[in-house]
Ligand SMILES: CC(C)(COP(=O)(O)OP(=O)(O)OC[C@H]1O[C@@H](n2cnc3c(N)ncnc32)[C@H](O)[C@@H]1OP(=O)(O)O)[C@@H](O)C(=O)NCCC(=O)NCCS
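Shown here is one chain on its own, the form predicted on its own, set out as structure tokens.
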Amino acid sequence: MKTPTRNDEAIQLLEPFLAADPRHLAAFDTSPMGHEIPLANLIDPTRAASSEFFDRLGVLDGLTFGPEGMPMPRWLFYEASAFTGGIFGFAFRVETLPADLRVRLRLADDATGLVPVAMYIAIPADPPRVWYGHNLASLNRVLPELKLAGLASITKALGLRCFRCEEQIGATQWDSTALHVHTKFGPLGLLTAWTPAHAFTHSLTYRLPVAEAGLRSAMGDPDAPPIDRPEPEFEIAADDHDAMRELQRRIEAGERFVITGPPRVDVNRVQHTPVAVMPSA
């Protein structure tokens, strides 16, 4: 039985897919939460025939992140994604798309097959239990006419289950709208708050214990159990780099913190992310 989502209407029109080295398929759940991946939608990155599909993943990534200056180079889709980890997502069939959308998605007139509109990429960090979430992309904001609301959260939830992930690690920026998605799964333990090793120093690194309640809640299941969240004690503004540096100093000194929930956005469109202090281990 499929776990309900906040957008079952869209999910019924989409097909799940998984791009991964076929030697690793036994490690994946190919029917995550009842959403079965058809055999034809298991994409083998080691076969030349998969080239066109990876072209389309590149278009999805570029449309999602290009304006922010963070599109993935092509080799990462192979070396640090499909071959070493997995790419789970949802796609339309070309034949179901109107002509104007085919043009915007850079599809040839005679194109056939799957057109990915959402993907979640993760790679093993401490296999098989811990995975690093590398990329989450959805065309919901880019193509609102497709009515893909909530698809990023649904894709990540099913991707985590597909990868049999028990703890997820990830990095994002304090000003990223992705925090609204990631915090749906539960409180995020902070590993860094200011990250000079990253190309964007105002990045944070988080850990998320993957739990059934968080997955179902993020998907929009109306019967999902409640998530236990601590009360926030302060906020980090997305433009306050000094506060990020001070929080990083405290983390390195041994203090523990969690992001308790989604950011609030003020009248100037600045994100303020709620943080709580946790007992030391």
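A residue's number is simply how far along the shown sequence it sits, counting from 1. Keep in mind that this is a model prediction, so the values were computed, not measured.
One more form of this protein should be noted, the form predicted together with this ligand, which is absent from this view; the next part is about it.
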query: Residue among L204, A137, A122, C162 with a heavy atom within 4.5 Å of this ligand in the predicted complex; finding: A137
query: H198, H180, R102, K147 - the one with a heavy atom within 4.5 Å of this ligand in the predicted complex; finding: H180
query: Partner contact for F234 in the predicted complex: this ligand, 4.5 angstroms, heavy atom; finding: no
query: Exercise: A171 in contact with this ligand in the predicted complex, heavy atom 4.5 Å; finding: yes
query: Any non-hydrogen atom of S153 within 4.5 angstroms of this ligand in the predicted complex; finding: yes
query: Contact of R6 with this ligand in the predicted complex (heavy atom, 4.5 Å); finding: yes
query: Option from 79-87, 124-132, 172-180, 94-102 whose residues, in the predicted complex, bring a heavy atom within 4.5 Å of this ligand; finding: 172-180
